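Here you get one chain, nothing else, as structure tokens; it is the form predicted on its own.
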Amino acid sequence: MDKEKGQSAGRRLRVLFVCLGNICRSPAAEIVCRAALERAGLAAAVEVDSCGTAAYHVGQKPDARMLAALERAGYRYGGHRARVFRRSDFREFDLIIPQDESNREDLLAQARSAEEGRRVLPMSTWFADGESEREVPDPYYGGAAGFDAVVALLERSMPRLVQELRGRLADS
């Protein structure tokens, strides 16, 4: 049996990207990750979503500047609407990936068990080897270059995350 097909026929992994308002970094990570999973042949085996730790933008589309940066990089908006992190996300997602340490701390503060806390990945788990950044910088108060830089950082980091997900699928 083809390993990729075996993975997609078995248990699916669910991955949740989290930033503050769910209109810049986490929806961009969701879109870039989804494309990386497609290229790796893992799209059927991994479900990806995103949310925010604050309810500032619930129901809104991603920031227009982020959508423009994603489009410049060749990605398409998939209809995402901002939502806030829910306690049930600890049960529903296998991996929760914060975009910065502040979001990680917020998530860990909501965890009511060691099991829930283990679902929140440390930042270094998914960044590219040798990457100087250890957080995804928030581009909200800057110009277009900041949004482009976020997309580029996410693109450089996805191969390592895809490798991590492939390993978890093989172990399940």
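A quick note: this is a predicted structure, and the numbers were derived from the prediction, not measured. All residue numbers refer to positions in the sequence shown, first residue = 1.
Missing here is the form predicted together with 4-nitrophenyl phosphate (4NP); even so, the following discussion is about that form.
- You can rule out all but one of 134-142, 29-37, 104-112, 42-50: in the model of the complex, only 134-142 has residues with a heavy atom within 4.5 Å of 4-nitrophenyl phosphate (4NP).
- Residue contact check for H57: one or more of its heavy atoms lie within 4.5 Å of 4-nitrophenyl phosphate (4NP) in the model of the complex.
- Taking non-hydrogen atoms only, L13 never approaches 4-nitrophenyl phosphate (4NP) to within 4.5 angstroms in the model of the complex.
- A residue is said to contact a partner when one of its heavy atoms sits within 4.5 Å of a partner heavy atom; L20 meets this definition for 4-nitrophenyl phosphate (4NP) in the model of the complex.
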